[in-house]
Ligand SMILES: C[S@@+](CC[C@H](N)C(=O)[O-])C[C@H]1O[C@@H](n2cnc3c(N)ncnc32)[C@H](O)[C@@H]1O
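In structure tokens, the next block holds one chain alone, the form predicted alone.
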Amino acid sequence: MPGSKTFGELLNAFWLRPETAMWRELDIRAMASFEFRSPSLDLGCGDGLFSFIRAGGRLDEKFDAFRSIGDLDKFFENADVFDAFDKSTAPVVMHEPGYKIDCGFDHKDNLLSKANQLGLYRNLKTGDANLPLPFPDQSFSSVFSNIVYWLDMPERAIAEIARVLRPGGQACLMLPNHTLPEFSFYNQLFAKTGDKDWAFLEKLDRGRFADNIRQARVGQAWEAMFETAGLRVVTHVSHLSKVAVQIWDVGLRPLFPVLCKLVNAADPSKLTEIKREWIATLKQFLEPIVQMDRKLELDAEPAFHCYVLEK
């Protein structure tokens, strides 16, 4: 099955947040038909780990995404703990990715510094995707983006993606479905009801769904934006069942700060073996969920769309 070789690498990178590995594996499977064709753009590349692993890159098992973090004491104040960079935590690349991406674009310099260590991107550029993209018309043959729904005006961002694509070029976009808000414990139990007994869920949510929900749309609404921008749908895959999203919604997120402290306090000579056992245990439970994502849809549409579009 597409993407099956990547799950172990994702768990290695995100072992203290395995729900993230599960989500990203489902993203990889959904976008199986998309190929980066040069010149290529990863719009909102972040630290580059997702695209690196999707490209077949492999890191030393001692590395994880949490070696370089900051403001851990402000985790429940919604601080972005990943927006930190420590060059001493550079990963050891055990297997080079199978292709290069010409440009990685993101608004956070610390994340781009992390991405620069992976050897995946030929060029990295800082910028705000809410603004017109700093690229000439028809600059790219392929664009991937998983940030359009975080932006203030997604229709404008989609138009900009169309502008920088060459005729015949393709874009792959991950976008939330209208069902996503229905799967959020915070949204259903607190935001919609105002019941103060559920106010503790604000610490679980940490502002995530407040941003995601505002852009959740039915497929027809997204497709109308594509048509206006001059993009046609090549493939459309729905993914992320209610079960998968609700596992991710809680996951190990509330324990993350204390887990980081436990790891930092552990005997380094024993940590790698503990990590192997941890990943093997998690894989027994999460891999079947990944395999059954479509089966778990039940009576609710999945939470996300993956569109491959052509100009």
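Just so it is clear, the structure is predicted and the values come from calculations on it, not from any experiment. Residue numbers run from 1 along the displayed sequence.
What follows is about the form predicted together with this ligand, which we do not show.
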| query | finding |
| --- | --- |
| This ligand contact at W150 in the model of the complex, heavy atom, 4.5 Å | yes |
| 4.5 Å heavy atom contact, L111 to this ligand in the model of the complex | yes |
| Heavy atom of H107 within 4.5 Å of this ligand in the model of the complex | yes |
| Contact flag, R24 vs this ligand in the model of the complex, heavy atom cut 4.5 Å | yes |
| Contact assignment for this ligand in the model of the complex, among G119, G219, G207, G127, heavy atom within 4.5 Å | G127 |
| The single option of C45, A244, I53, I28 touching this ligand in the model of the complex, heavy atom within 4.5 Å | C45 |
| Stretch from 59-67, 45-53, 273-281, 257-265 whose residues place a heavy atom within 4.5 Å of this ligand in the model of the complex | 45-53 |
